[in-house]
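A single chain comes next, written as structure tokens; it is the form predicted alone.
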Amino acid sequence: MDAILSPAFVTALLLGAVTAGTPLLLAGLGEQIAEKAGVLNIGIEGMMLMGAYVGFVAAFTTGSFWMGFAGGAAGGVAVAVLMSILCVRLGMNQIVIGIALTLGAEGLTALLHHFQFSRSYPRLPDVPVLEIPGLAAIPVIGPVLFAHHPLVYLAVGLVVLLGWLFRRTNMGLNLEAAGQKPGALDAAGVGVIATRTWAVLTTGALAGIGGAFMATVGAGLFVPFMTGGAGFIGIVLAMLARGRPLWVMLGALLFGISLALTTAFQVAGFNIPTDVVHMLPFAMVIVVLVLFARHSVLPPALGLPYVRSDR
């Protein structure tokens, strides 16, 4: 018990929670944008994985973490383009296509990694950290809140930006209408398909950046299938957040804590089977769904293709 309450354990747990929760936050925010527009983006896991691979290769080749994030966004958008064409434009089943894209991304990234790196797993150099002067030196709290890669701060800023965008701008109203009343949006002269398309592409970019963060900052290397269901946790976060970006951030931190328990237990000297600890995030998903899923509010048009009434 003393080891659990020690500053080293608390710092390792919270620091790992922020690092593990940032990709979930980005994926959850991206999925929230798509769901507001009426698109159930099941393929977000594949977008994260493609972003992780392309982002790692870009960072490894150029030596720049920011180029890695740009590559991750490009990888996620590439998968999102297929999603938008097949589901938004052609009206195919979003669940079937999303699963197919995820499985395709898993196979493709594993194959590309094998051909490029064979059985080796090259690592990236140490992650550059932006420390807030004075605040980063505070015991326990300082390293957790004020000593991270700049993308962590940008992800938190994105929460504020999306909260304002959803409620205070025409773009947010158009997103809401695309999911709640697509016919009314079409009658107002705003393209429903166009709105859903850019929403899906934005989701792909954010999920790809989240995957790139996981590979470059979180792990420092790419391993096939490394996302391990993070995209699906992002879907759960978006569904339960009820359109509130702040809830996505709080949920991402909660799941990040469960993902960080492995490292924290190692620091504290506990000998707990790794498989048991890895099971915790998914057990938490089940518990959260049972407790709160019945209260979630989803757009009526979620998962349905839009067909104009005059066609």
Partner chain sequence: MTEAAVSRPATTTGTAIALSAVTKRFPGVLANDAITLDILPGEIHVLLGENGAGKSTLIAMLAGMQQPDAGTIAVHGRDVRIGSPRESLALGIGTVYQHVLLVPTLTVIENLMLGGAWWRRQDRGAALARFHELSATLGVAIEPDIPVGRLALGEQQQVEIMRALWRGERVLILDEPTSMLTPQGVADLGRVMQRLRDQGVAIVFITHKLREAYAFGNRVSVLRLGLLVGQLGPDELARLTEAEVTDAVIRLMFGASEGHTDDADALLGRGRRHHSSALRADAPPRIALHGVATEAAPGECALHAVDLAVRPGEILGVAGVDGNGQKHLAEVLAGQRRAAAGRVMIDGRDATAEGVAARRARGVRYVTDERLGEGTIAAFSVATNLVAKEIGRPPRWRHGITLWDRVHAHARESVRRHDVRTPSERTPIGRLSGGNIQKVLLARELDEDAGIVVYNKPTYGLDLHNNALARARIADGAARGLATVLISTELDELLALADRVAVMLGGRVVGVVDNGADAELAIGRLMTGAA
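Please read all numbers here as calculations on a predicted model, not as lab measurements. Numbering follows the first chain given and starts at 1.
If you look for the form predicted together with the partner chain, you will not find it shown, but the lines that follow are about it.
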{"query": "The unique member of 199, 241, 205, 177 whose heavy atoms fall within 4.5 Å of the partner chain in the predicted bound form", "finding": "177"}
{"query": "Contact assignment for the partner chain in the predicted bound form, among 145, 193, 190, 159, heavy atom within 4.5 Å", "finding": "190"}
{"query": "Region of this chain that lies against the partner chain in the predicted bound form, out of 146 to 154, 128 to 136, 205 to 213, 182 to 190 [heavy atom, 4.5 Å]", "finding": "182 to 190"}
{"query": "Interface membership of residue 81, the partner chain in the predicted bound form, 4.5 Å heavy atom rule", "finding": "no"}
{"query": "4.5 Å heavy atom contact, residue 74 and the partner chain in the predicted bound form", "finding": "no"}
{"query": "Candidate site 54, 60 and 62: all three near the partner chain in the predicted bound form by heavy atom within 4.5 Å", "finding": "no"}
